[in-house]
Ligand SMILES: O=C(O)CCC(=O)C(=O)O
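In the block that follows, a single chain appears as structure tokens, in the form predicted alone.
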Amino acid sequence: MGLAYFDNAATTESVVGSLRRDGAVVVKDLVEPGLIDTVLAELRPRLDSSGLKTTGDFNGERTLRTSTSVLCKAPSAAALVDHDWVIRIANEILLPHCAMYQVGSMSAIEILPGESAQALHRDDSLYPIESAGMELQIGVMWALNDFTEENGGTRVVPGSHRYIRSWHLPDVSNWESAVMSKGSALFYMGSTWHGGGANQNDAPRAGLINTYSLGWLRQESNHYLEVPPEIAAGFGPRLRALLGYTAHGSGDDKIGNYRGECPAWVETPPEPAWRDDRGQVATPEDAKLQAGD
């Protein structure tokens, strides 16, 4: 079992099939390099000024990170967070288990030359629940420059998502690096073991990670504070919903109401499936069928 690679003309069905089977998949060249250059340029001041504030054994000693108000500092990254490819794949993985999903976290990570490999881990361990067959979140690592094994391309353990919880430790020695060009994306399950690679090159390796979690879970980052309403109002309706500026569910079963309803400036996302009852509320037609009419 190895990491599968698809071009951007692949079908959603084929990509999702590999993602379910292997726990991770790469889709190549999803966005133009020019957009990626803009995103990295917008992130550059924050990475340079405060990127080393979170160093440590897990985050690394030579890795720049910023995970606070990413969309405020790099508004062009909205095109990545709200990318149609991301939405199509997230719909397939997450919507069977929720009325809608949301952005859990956003982190820009730049691995500098000389950094050692990060410990392999899974992202969903922050949630103390498990249910076989239900993914709590997925992650998307966007390549902000070319990823190679030598410069610290993300290491992935294919098939490791099949181990339900972290105490069911897979063979983490069986990893491979995601090798992909700038503008490509690595999709991986929240339950897939992965980690940053060692940078043995003479240039940094930068990426942007967006995670998406089930809508009834608490978001890892508080986006209402990181991206306040006056800024979020400038984004499109789907991105606002992804940030959490809408209730989860419909009718009388909504979670996250504000004065009994969603804020007036939040429009209904364009995906009807994010708003239907998903079979949770019986209709009059259901009642007739159960009665044998």
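One-based numbering along the sequence shown. Quick caveat: nothing in here was measured; it's all calculated off a predicted structure.
Keep in mind that the form predicted in complex with the ligand is missing from the display, and what follows is about it.
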| query | finding |
| --- | --- |
| Partner contact for residue 111 in the predicted complex: the ligand, 4.5 angstroms, heavy atom | yes |
| Contact label in the predicted complex: residue 121 to the ligand, heavy atom within 4.5 Å | yes |
| The ligand contact in the predicted complex: residue 58, any heavy atom under 4.5 Å | yes |
| Proximity of residue 90 to the ligand in the predicted complex, heavy atoms at 4.5 Å | no |
| Partner-contacting position among 189, 209, 80, 99 - heavy atom within 4.5 Å of the ligand in the predicted complex | 209 |
| Contact residue in the predicted complex, from 159, 75, 195, 204 (heavy atom within 4.5 Å of the ligand) | 195 |
| Proximity to the ligand in the predicted complex (heavy atom, within 4.5 Å), stretch among 22-30, 36-44, 58-66, 222-230 | 58-66 |
